[in-house]
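The chain below stands alone and is given as structure tokens, in the form predicted on its own.
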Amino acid sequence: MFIRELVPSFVKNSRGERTVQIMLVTYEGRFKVSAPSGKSKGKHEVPSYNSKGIDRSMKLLRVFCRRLENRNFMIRKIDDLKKVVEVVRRFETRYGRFGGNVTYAIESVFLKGAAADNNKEFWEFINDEVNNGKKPKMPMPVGNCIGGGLHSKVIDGKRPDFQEFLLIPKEKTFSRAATVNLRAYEYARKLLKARSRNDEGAWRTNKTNEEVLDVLKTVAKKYKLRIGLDIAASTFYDKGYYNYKNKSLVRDKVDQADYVERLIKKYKIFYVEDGMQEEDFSGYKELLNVVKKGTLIVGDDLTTTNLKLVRRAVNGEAINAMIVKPNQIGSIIEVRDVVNFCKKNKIVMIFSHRSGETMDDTLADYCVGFGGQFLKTGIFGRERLIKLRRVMMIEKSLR
């Protein structure tokens, strides 16, 4: 793959913030990748940018990209990215770190170019290596319907403490599932009498967690959907206690686990993400022991797409599912290794967007190619819909 041009630039994410985009030009065409930006971040995520900020990262990236032009890279599989990674590390050792968002964009755009160079679709290029070319099974969408926590502004001084209230279809096709979610999303608006959306396109409300779950239960029953929660417990955890603001109460570790367990049973919740704070492996284990196989206990801040943390969580029987966010670790090779470990240990994978998303559908190809069982995005918003649309296109091409 001959690098004719490698052009970095700034683009705006869905929150109007700057993020990095890289365009690669080869003899096969032009390929672009932009990095999303998270607001609710795990403590163990790699830094998104250089310690001096995004402008410093961009300054370094411009120099780096010029140095790679007119060079040739032979990339036939994901492991061949190590040739690019080696060049990146030598540069970073001398001039400073890019940050996870930048290394994610570099590696992803090179993989896209390599896929075209090998006359394959991007998802197909990944699938052929990871799944031995077997026809992939389409994921199911995990749709953010009603929001709270850090992603939502308060209404009349209140908002739900939990970050995301999710709808999860169980349909024969992804296209049907995405359509059902959209209809349910509109029905939820009517029940809530909602007038505005949050960072991820979810409905804003000032209701309590339980009041929102009552609404979601009605919606789920009407459209035959499963209910999910991203509690994001670390965002309201401080010095050993969970500080709930909507109802103004404090829970310790034991109370928090008991509360989440009671919600799971009362509302028949299928999916619970980050129910305990991000370093409480024993708390996650307690939740998993209680729900057994009926509910997904999902690690995100706990695992941060980091193989070392994933191993600890899985070997300690703390999770049976995990979020995969490629820019969270900033290495597609590590994402591949995490995916292989999850498959070996029968851990469900949910490929996830970030709150500050871009008009980039790369995540959809990663989800299908790596064999993710779920794709977590918003239900509404052009930055979310473009990823749903990409999976629909892949699904259609495989019929």
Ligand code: 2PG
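Sequential numbering from 1, following the sequence displayed. From a predicted model like this one, the values you see are computed outputs, not experimental measurements.
FYI, the form predicted in complex with 2-phosphoglyceric acid (2PG) isn't displayed, but the following is about it.
Heavy atom within 4.5 Å of 2-phosphoglyceric acid (2PG) in the predicted complex - residue from Gln256, Gln163, Asn101, Ser108: Of Gln256, Gln163, Asn101, Ser108, the residue with a heavy atom within 4.5 Å of 2-phosphoglyceric acid (2PG) in the predicted complex is Gln163.
Residue among Ser57, Ser355, Thr362, Ser48 with a heavy atom within 4.5 Å of 2-phosphoglyceric acid (2PG) in the predicted complex: By the 4.5 Å heavy-atom cutoff, the listed residue in contact is Ser355.
Listed range touching 2-phosphoglyceric acid (2PG), judged in the predicted complex by heavy atoms within 4.5 Å, from 365-373, 22-30, 346-354, 66-74: That would be stretch 346-354.
Arg159 within 4.5 Å of 2-phosphoglyceric acid (2PG) in the predicted complex, heavy atoms: Arg159: no contact with 2-phosphoglyceric acid (2PG) in the predicted complex.
Close approach of Lys41 to 2-phosphoglyceric acid (2PG) in the predicted complex, 4.5 Å, heavy atom: Lys41: yes, in contact with 2-phosphoglyceric acid (2PG) in the predicted complex.
Within 191-205, the residues that have a heavy atom no more than 4.5 Å from 2-phosphoglyceric acid (2PG) in the predicted complex: Residue within 4.5 Å: Glu200, and no other.
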